[in-house]
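One chain follows as structure tokens, the form predicted alone.
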């Protein structure tokens, strides 16, 4: 009698796998925002294929190194559950006024036990995760249809909100102003979210509106 083969079971994504996936998403989200909002010249970016679509990534070596350094630390914080929010703030170069705050809330997914069943809930397919990420990046691109035009030079800063127990390299990260926009001049738009078996990322953008 020939042995019967068991149907392959999908493995739930590990903490490390989810952490790497979320870190990579932040890399492409930051690049997309910096390109779409004109923080760096369009010529500084080149096209790459990712998540089944074309995304733009910086060719500016200094910016690439800066983002890589930040994301390496974010990766470590994600592994220990020490980071709860990342913010990319776009600031007027001359007045230092905050123009936009791109906010990414980071939550841990609670595994629900299926009623009347043994074992954990089925793993989320990676194709579904990538589709959710693809939709967020497309939405970031589409925000140019409603965000106010920024017609002045800008710079950006990345803020990380961490737990009190987080290990923070003193030579790389410092306590800083939240770079908030005054409530009377702020409009907010909730963006799409994505989740793995471990993390859920909720996105929104707040922008200065003087109208």
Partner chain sequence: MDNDEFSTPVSASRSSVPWSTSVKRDSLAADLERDPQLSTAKRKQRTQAFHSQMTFASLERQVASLQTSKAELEAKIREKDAVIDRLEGDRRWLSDREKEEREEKERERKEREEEKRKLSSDLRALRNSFQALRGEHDDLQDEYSNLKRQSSQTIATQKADTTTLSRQVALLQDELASVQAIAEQRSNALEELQLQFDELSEAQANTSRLSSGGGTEEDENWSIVREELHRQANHLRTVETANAKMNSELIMLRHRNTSLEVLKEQKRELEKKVSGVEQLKEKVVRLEAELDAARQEREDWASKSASTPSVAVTQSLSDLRLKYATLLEENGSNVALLHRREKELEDAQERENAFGKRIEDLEAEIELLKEGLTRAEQRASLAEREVGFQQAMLASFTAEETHDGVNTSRLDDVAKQRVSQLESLLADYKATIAKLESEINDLTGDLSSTGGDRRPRVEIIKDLESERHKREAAESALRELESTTESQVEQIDKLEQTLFELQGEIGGGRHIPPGVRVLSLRDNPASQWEDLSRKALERVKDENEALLKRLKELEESGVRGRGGNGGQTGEDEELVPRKSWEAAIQEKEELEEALKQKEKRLIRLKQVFSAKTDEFKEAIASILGVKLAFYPNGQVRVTSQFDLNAAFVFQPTKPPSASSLGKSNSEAMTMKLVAKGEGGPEELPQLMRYWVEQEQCIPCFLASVTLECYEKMKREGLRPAV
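Residue numbers count along the first chain shown, from 1. Small disclaimer: the values here were computed from a predicted structure and weren't measured.
This next part talks about the form predicted together with the partner chain, which is not shown.
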_Within 4.5 Å of the partner chain in the predicted bound form, all of 21, 31 and 76 (non-hydrogen atom)_ = no
*Determine whether any heavy atom of residue 35 comes within 4.5 Å of a heavy atom of the partner chain in the predicted bound form, and answer yes or no.*
no
*Do residue 182 and the partner chain share at least one heavy atom pair within 4.5 Å in the predicted bound form?*
yes
*Contact between residue 150 and the partner chain in the predicted bound form at 4.5 Å, heavy atoms?*
no
_When the contact criterion is heavy atoms within 4.5 Å, does residue 162 count as touching the partner chain in the predicted bound form?_
yes
*Of 34 to 65, which residues get within 4.5 Å of the partner chain in the predicted bound form if you count heavy atoms?*
40, 43, 46, 49, 59
